[in-house]
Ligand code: ADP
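Here's a solo chain for you in structure tokens, the form predicted alone.
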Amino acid sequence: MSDRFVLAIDQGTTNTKVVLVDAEGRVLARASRPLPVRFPHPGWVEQDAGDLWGSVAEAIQQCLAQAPHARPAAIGVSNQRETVVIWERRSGRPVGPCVVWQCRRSADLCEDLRRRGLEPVVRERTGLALDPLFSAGKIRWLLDNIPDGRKRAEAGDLCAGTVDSWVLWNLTGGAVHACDASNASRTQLLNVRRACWDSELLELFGVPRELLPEVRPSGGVFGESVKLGLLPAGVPVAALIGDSHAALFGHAAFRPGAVKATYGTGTSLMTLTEGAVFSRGGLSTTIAWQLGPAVTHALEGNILVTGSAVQWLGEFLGLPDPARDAAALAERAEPAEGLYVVPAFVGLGAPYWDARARGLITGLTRGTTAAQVARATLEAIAYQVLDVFEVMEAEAAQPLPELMTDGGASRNDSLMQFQADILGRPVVRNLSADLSAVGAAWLAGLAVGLWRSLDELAALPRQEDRFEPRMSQSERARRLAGWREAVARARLQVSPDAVGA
């Protein structure tokens, strides 16, 4: 029985994926389980924490069943970020829903803190905008809505964490309550310079320290697995990392000057920086990963709705397979001059951070077809990426000559070509369908000595292809002007003062 394998769990918003990676970086087995998402009120997004862990456990069994003679040397975990869970320390039973990263239920709390003039304090310590995306307001909301929540938290009866800590807790049978620095940096409770929980922020958001996990480096042994069906006891859980960070690691982007976009339910752009760079243009300062004492920082732009906009359109049109059929419909459309979709269904993220903006379709005529709306919805993904890319290049203070891409929507050739056209830069697509999982596997394998260095990881084979820009500069400028007018209208609908922001 060989143990030169890493089991990697990629826990995403709509599904959990588990892969088995060998010492050459090849994916030998994979399994996936869907995960329902609930929308109980407008702007609210939640999941069942038990269902989430159940999807992980089932996907592990399905994956390992395909390779019965492979004993993993380590387990790595990548996960949807900012989503939070609160559970009982003694029983491990969740005491509320998973409040998902897209959820806006803490918008009033964020607005109250902003009115009190506290946003500069939050930005200076965390590098993050005061926005409902991040975990702190979600934890506060849960504590306020769990019976005796604050009292139980202060007594140490409850645990709270991002998804990495919830998965770790269950993998280790409740033995370890910890998270990694990349996930912690997305909570709005971590001092991003010192990589530790910040007492003033805990007080500001009303989150007791007793509730929170221990913050550890992203790579390193967190604990050992309990027996879980085909997963044996004693396998070290050797990496936790946010999914977007894991994708950057899987691109082997270990130095500043590279930028990647991960296209999923939403889209994240990330580029490494020399130290913590604090944005003035709506980007986030984040910890990309921590290896031992060395903390690697990054600039990130979070786009809230990209792939989920295509899913929405397919559902709106009543298509049998909503996302796939809407993308196929877009392929059949001729461009419609002046037609734009702004998918601000839960507000706008980077670089605008306007929680009050709402989605719209602009430029409709009597001749507009469903296929053209589908095409405009797909193009909206690329426009939003451009908005972030331009700010990121300016604030990284170095050229970003190309965009590396990964994630579900990156498999759409038309979107990748339009992305290259509207950026005016080449797009280099990683062909792995499992890049976040592979990044987590690399990190875990590095921690247990399966690989010895970042250089060795960078030398592992990667399948990529390339899209060169073909659009004229004049057409690009005309299209961008129309997009920016559409975004201004989306913001004007609810927040007139925001148009000139």
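We call the rigid core the largest set of C-alpha positions that still match within 1.5 Å between the two forms. None of the values given here were measured: they were computed from a predicted structure. Numbering starts at 1 and follows the sequence shown.
Form predicted together with adenosine-5'-diphosphate: not shown, discussed below.
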Task: Option from 74 to 82, 154 to 162, 366 to 374, 323 to 331 whose residues, in the model of the complex, bring a heavy atom within 4.5 Å of adenosine-5'-diphosphate - done: 323 to 331
TODO: Could you check which residue among Asn412, Ser279, Asn170, Thr362 gets a heavy atom within 4.5 Å of adenosine-5'-diphosphate in the model of the complex?
DONE: Asn412
Task: The unique member of Ala247, Ala239, Val310, Met270 whose heavy atoms fall within 4.5 Å of adenosine-5'-diphosphate in the model of the complex - done: Val310
Task: Tyr340, heavy atom within 4.5 angstroms of adenosine-5'-diphosphate in the model of the complex - done: no
- [ ] Indicate whether adenosine-5'-diphosphate has at least one heavy atom within 4.5 Å of a heavy atom of Gly349 in the model of the complex.
- [x] no
Open item on the list: Is it the case that Gly408, even though its partner is missing from this view, gets within 4.5 Å of adenosine-5'-diphosphate in the model of the complex, heavy atoms only?
Closed with: yes
Open item on the list: Against adenosine-5'-diphosphate in the model of the complex, would Leu378 count as a contact residue? Criterion: heavy atoms within 4.5 Å.
Closed with: yes
Open item on the list: Suppose contact means any heavy atom within 4.5 Å; which members of 257 to 272 contact adenosine-5'-diphosphate in the model of the complex?
Closed with: Tyr263, Gly264, Thr265
Task: C-alpha of Asn430 off by 2 Å or more between the shown form and the other one on rigid core - done: no
TODO: Taking the rigid core as the superposition reference, indicate whether the CA of Ser284 shifts 2 angstroms or more between the shown form and the other one.
DONE: no
Open item on the list: Is Thr377 displaced by at least 2 Å at its C-alpha between the shown form and the other one when the rigid core is overlaid?
Closed with: yes
